[in-house]
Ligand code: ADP
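Shown below, as structure tokens, is a lone chain in the form predicted on its own; questions about how it binds or moves come after it.
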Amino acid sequence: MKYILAIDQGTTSSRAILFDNTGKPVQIAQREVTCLFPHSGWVEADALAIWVSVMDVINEVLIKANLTIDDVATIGLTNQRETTVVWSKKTGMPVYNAIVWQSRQSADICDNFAKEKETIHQKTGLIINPYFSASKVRFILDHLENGQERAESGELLFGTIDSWIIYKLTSGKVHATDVTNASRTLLFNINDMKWDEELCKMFNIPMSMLPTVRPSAYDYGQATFLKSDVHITGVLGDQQAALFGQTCFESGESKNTYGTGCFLLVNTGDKPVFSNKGLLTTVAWQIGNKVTYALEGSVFIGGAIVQWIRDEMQLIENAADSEKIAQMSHRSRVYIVPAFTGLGTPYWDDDARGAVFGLTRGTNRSQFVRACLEAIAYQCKDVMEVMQKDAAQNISVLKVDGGATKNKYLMQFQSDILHTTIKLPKCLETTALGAAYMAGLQCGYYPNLESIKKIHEYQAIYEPQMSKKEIKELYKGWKTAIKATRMFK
């Protein structure tokens, strides 16, 4: 049997996972990646250290599985999106630290484009924000000696993390990205699916710096650095990879990743749907000539609230305790709004801060912990409400992944408050699995999407048990808490 090697390069770690032909992970290797914080609000990383970590996990996963690269049929790649690398075409070495997606260091640059926000939104589906790559490239060129001159002379190349890894794996022969990563740069027109000359001029970024844009399922070239003839045949940004890994192939199918924050994506089919309610429009993937789009919503504080009650409030000893403690007393009307860093979709209120409502003399630890878990579910309902309106679809099934899905109380309450079936897959490595599925599809390992759906399995399904009347009353209380939180500034 030959295996698919999935490389999952994330913000804090790089992982390599070997999948067999049934989509089961055979072996995994992981290395931490250090984030750098040179100034308040800045988040950077050493691009070379990222590349070294990728090579380390590839070697380790093969050694642990007692295999060689010759046992690998193809390589799939998924990555943290928006993180920006600029390197020298001559040396193949970075000329500046990678600027991580979380970094706010290019906020002042974004402020200069406030008048162009509607043009940018209609072309890219995004909002003008330092989160995305264009302002990060501009920042690097502005802070690099002769940066603009070097860029215009063709000496410098730009890429998101996928481009950087493809470039290094192919020994500098391929400078490319896929449509999903390109769609997160603020430079890519998602209507005509190409780099936009007007946007590049707006940010004063020479188009010669930009990678060639390819479909997600595509032969990106031979990984010659590995001394092998294995090819990279699937590339996706992490959230799109999770959507694909959850087999959300049809319009209206959706997934939610419960990590530090939460990312909800819904497949909107072959036409981009533009939101007026704070959702991002993005490319989900491209297979052959067929482009699939998605709407995306973000919750800033998801699993992070469990870390907060563990580390700062010391109400639990470990994350798993939250489920058990939450079930020790009856539900109260306590609401916790975890706006520690503002509120995400659909509010986009950077100035909001966390608040607690409904405390009584009888409020206890169990009710407080329970309210924290429920806050994750309420925030996801806020996103789902606007998502269903913008997509003009009723979402009856939500596929879930991420660390917080281990919490059975949270998953049942999420199903209840959404009045939606929740499906938890057997393989929780859905980001890497999505990259593996895409690579396998391109190289013929999987003949079609239907064959992937047949092997995809679920370990748990949660059905709603709460009455619509109770859902309405509870959610009304949450919306009141949100309103009060936003008034207290």
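All residue numbers are counted from 1 along the displayed sequence. Everything numeric here is computed off the predicted structure, so don't read it as measured data.
Beyond the structure shown, there is the form predicted together with adenosine-5'-diphosphate, which is absent from this document and is the topic of what follows.
Interface residue among Thr170, Ser275, Thr268, Ser322, judged by heavy atoms within 4.5 Å of adenosine-5'-diphosphate in the predicted bound form: Ser322. When adenosine-5'-diphosphate is considered in the predicted bound form, only one residue from Val179, Val306, Leu141, Ala134 comes within 4.5 Å through any heavy atom, namely Val306. Screening 111-119, 158-166, 413-421, 399-407 for residues having heavy atoms within 4.5 Å of adenosine-5'-diphosphate in the predicted bound form returns a single hit, 399-407.
Using a 4.5 Å cutoff between non-hydrogen atoms, Gln327 does not count as a contact of adenosine-5'-diphosphate in the predicted bound form.
At a distance threshold of 4.5 angstroms between non-hydrogen atoms, Gly259 is in contact with adenosine-5'-diphosphate in the predicted bound form.
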